[in-house]
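Next up: a single chain in structure tokens, the form predicted alone.
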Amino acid sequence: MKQLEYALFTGCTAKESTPEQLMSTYAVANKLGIKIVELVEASCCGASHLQDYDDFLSLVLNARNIAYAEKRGMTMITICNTCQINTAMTKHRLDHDAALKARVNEKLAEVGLEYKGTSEIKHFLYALIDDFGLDQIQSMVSVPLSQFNIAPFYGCHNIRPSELQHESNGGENPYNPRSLDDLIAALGGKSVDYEEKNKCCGFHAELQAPHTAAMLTGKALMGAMDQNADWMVTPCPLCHLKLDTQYAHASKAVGRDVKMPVLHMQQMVGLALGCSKEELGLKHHVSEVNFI
């Protein structure tokens, strides 16, 4: 099998707030023989907030990030759902609007860059599934997760809007997503089905509507607990921040104690591949990961 190579756009969160996610990304890539080159020149994607303030600036910043992947001739992988949607949306808009692309490139030329549209944008979850392959991952499992009921939490931005994300997520159904469930099965675990698994975690509503955000977080945790999940897993560090660190607010909002271990997708894969707790950064969690 030809070695897979990617340009990694880490985003801000994995560098500053969830270092364990970045650690586990590299640990999994090393186990699978995937080469990752970090885009150290890249800047924030705008986090779906800059876009509301200055749409054109957000396009320039994201096109700049993509241009660095293009210079390397590599597919860009993201490890954050929000980074994925903002970067993929920039690519989609520029690839379908020549005049807008020209305006953006006029600004990029000031720093010696050009957006060409030659690099794919793909979340690491789908790189693992579509490029590396579930069968290949399954064949490399050394510690099957067969003793665990695992609740997948998809979040919003990897699966919606579907007309955009279908360009990079293999046609994932936003109403009945399967990627995380299929990955859990490949790792030997038992996926838990529950109503909230493809709902919003509340992260982007936190500042404007904190009670609503806490309700969304609490209902997600409660839904997983009510279906006897041992722990949750998510591909998004922003979802992880809400689910792992905001359980006290969530418990108050739903009137019930809701707390369980929440793992990053890469940590789950790493556990099944035999990575150590130290390699996966499991000590960095707020909700203690005490089942290992």
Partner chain sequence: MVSEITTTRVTFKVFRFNMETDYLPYYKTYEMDVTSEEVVLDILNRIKWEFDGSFSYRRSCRHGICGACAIKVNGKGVLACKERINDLIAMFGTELRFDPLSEKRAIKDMIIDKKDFWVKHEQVNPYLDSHIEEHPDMECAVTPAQAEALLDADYCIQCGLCHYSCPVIEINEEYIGPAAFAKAYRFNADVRDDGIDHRIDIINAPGAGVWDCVKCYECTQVCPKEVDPFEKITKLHNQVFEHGRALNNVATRHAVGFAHSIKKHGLLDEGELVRYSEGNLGVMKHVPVAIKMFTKGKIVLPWNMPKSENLDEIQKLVKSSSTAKF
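Only a predicted model underlies this, so the values are computations on that prediction, with no experimental measurement involved. Residue numbers count along the first chain shown, from 1.
Keep in mind that the form predicted together with the partner chain is missing from the display, and what follows is about it.
Candidate spot 91, 143 and 268, all three in 4.5 Å heavy atom range of the partner chain in the predicted complex?
Not a single residue of the candidate spot has a heavy atom within 4.5 Å of the partner chain in the predicted complex.
Which residue among 185, 100, 205, 134 has a heavy atom within 4.5 angstroms of the partner chain in the predicted complex?
By the 4.5 Å criterion, the partner-contacting residue is 205.
Sole residue of 85, 220, 121, 125 within 4.5 Å of the partner chain in the predicted complex, by heavy atom
Comparing distances to the partner chain in the predicted complex, the residue within 4.5 Å is 85.
Should residue 192 be counted as a contact of the partner chain in the predicted complex, where contact means heavy atoms within 4.5 Å?
No, no contact at 4.5 Å.
Although the partner isn't part of this model, could you tell me whether residue 200 comes within 4.5 Å of the partner chain in the predicted complex, counting any heavy atom of the residue?
Although the partner chain is absent here, residue 200 would touch it in the predicted complex, with heavy atoms inside 4.5 Å.
Is residue 260 close to the partner chain in the predicted complex, meaning a heavy atom pair under 4.5 Å apart or at it?
No, residue 260 is distant from the partner.
Taking heavy atoms and a 4.5 Å cut-off, does residue 43 contact the partner chain in the predicted complex?
Yes, residue 43 lies within 4.5 Å of the partner chain in the predicted complex.
Determine the residues of 52-86 with a heavy atom within 4.5 Å of the partner chain in the predicted complex and present them in sequence order; the list may be empty.
52, 53, 54, 55, 56, 57, 60, 61, 64, 68, 85, in sequence order.
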